[in-house]
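Here you get one chain, nothing else, as C-alpha cells; it is the form predicted alone.
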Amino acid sequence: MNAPFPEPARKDGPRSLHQRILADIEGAILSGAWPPGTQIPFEQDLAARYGCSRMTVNKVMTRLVAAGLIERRRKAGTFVRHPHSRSAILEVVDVRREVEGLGLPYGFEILRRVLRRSTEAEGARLGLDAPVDLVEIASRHFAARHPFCLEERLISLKAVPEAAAESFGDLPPGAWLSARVPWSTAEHRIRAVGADAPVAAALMVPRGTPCLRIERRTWSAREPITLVFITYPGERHELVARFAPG
C-alpha cells in the first residue's frame, strides 16, 4: 500500500527542516496513519514536497531505519516496518506493555464472547475434576491499528464468577484478570503453527503463515483460573528467557 504525504506535525517552537520532516513521518507511522507494510513516498518526492535536498531526506530515512520504524528493500522501496516484539518465557506478559514497549499505540477489540459449559477436552487441559461454566472469549490486539496478536481464552466461572457479567469493553481479558485474581502458578507451552483460516483472517496474514502460539494455564492455589492461546505472526515475535545456574 502506498502512503499519502504525511500531515504536518504540530509546531513546538523553531525547528530545522530535518526535524520537521522527521516529526511528520514519525507521527504518520506512530499514529497508525501509515500502518506496517505501507510504502513510503520516494525520497525525490519528499524532497520536492518539502523544498529541500534529497540528502536531507536521506538523513531522515537513515534515522528512521536506525529507530526500527522503516526498512529499505532493494529494488522495491522503503516501507513501514512490522513491529518485532519479544515475550519473556518465564513471565506472564501483558500484551499492552509489549506493544507500548515498541513505541506504538495499543488497541484491542473483542471478537467473540460466549458463556457455556466446559467440554471434556477443555476440562482435561484445565485440570478440572468436573465440568464448569466458562466464559469463552476471543480478542484481537493491535499495534498502531495493525493486528499484533490473537488471544483465545477460557475463564473458569468457578474461579472467577464475576467474569460472567463482564463485557471486557474497557480492559482486555488478561489485564482484567490480573487486576482481580492473584495467580500463584502459571504454565507456558510454546509451539510453531501455521495460520489456519480463522487465525489468518484475524491477523491479516496469508493462510499457512508461520506463527508462534503460546498456551498458558494459570492457577490460584490449586484452582484453575484460565486457559489462553496467544498467537503471533512468527517473523514479528521472539521469545526470551533469562536464567541463572540452579
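Heads up, when I say rigid core I mean the largest set of C-alphas that superpose within 1.5 Å between the two forms. Don't overthink the numbering: it's just position in the shown sequence, from 1. The shown structure was predicted, so the numbers you read here are calculated from the model rather than taken from an experiment.
The protein also exists as the form predicted together with the DNA; that form is not presented, and the subsequent description refers to it.
S.K.: Tell me the stretch among 149-157, 68-76, 163-171, 124-132 that has any heavy atom within 4.5 angstroms of the DNA in the model of the complex.
M.R.: It is 68-76 that comes within 4.5 Å of the partner.
S.K.: Could you work out which of R49, R189, R180, R54 is the residue within 4.5 angstroms of the DNA in the model of the complex, going by heavy atoms?
M.R.: Flagged contact: R54.
S.K.: Decide whether N58 counts as a contact residue for the DNA in the model of the complex under a heavy atom distance cut-off of 4.5 Å.
M.R.: Flag for N58 set to yes.
S.K.: Please tell me whether any heavy atom belonging to E43 falls inside 4.5 Å of a heavy atom of the DNA, as the geometry stands in the model of the complex.
M.R.: Result yes; E43 sits at the interface with the DNA in the model of the complex.
S.K.: E166: after superposing the rigid core, is there a C-alpha shift of 2 Å or more between the shown form and the other one?
M.R.: Comparing forms between the shown form and the other one, the E166 CA shifts below 2 Å.
S.K.: Once the core is aligned, please say if the CA of V65 is shifted by at least 2 angstroms between the shown form and the other one.
M.R.: Result for V65: yes, a 2 Å-plus shift.
S.K.: Given a core-based superposition, decide whether the C-alpha of V228 shifts by 2 Å or more between the shown form and the other one.
M.R.: No, the C-alpha position differs by under 2 Å between the shown form and the other one.
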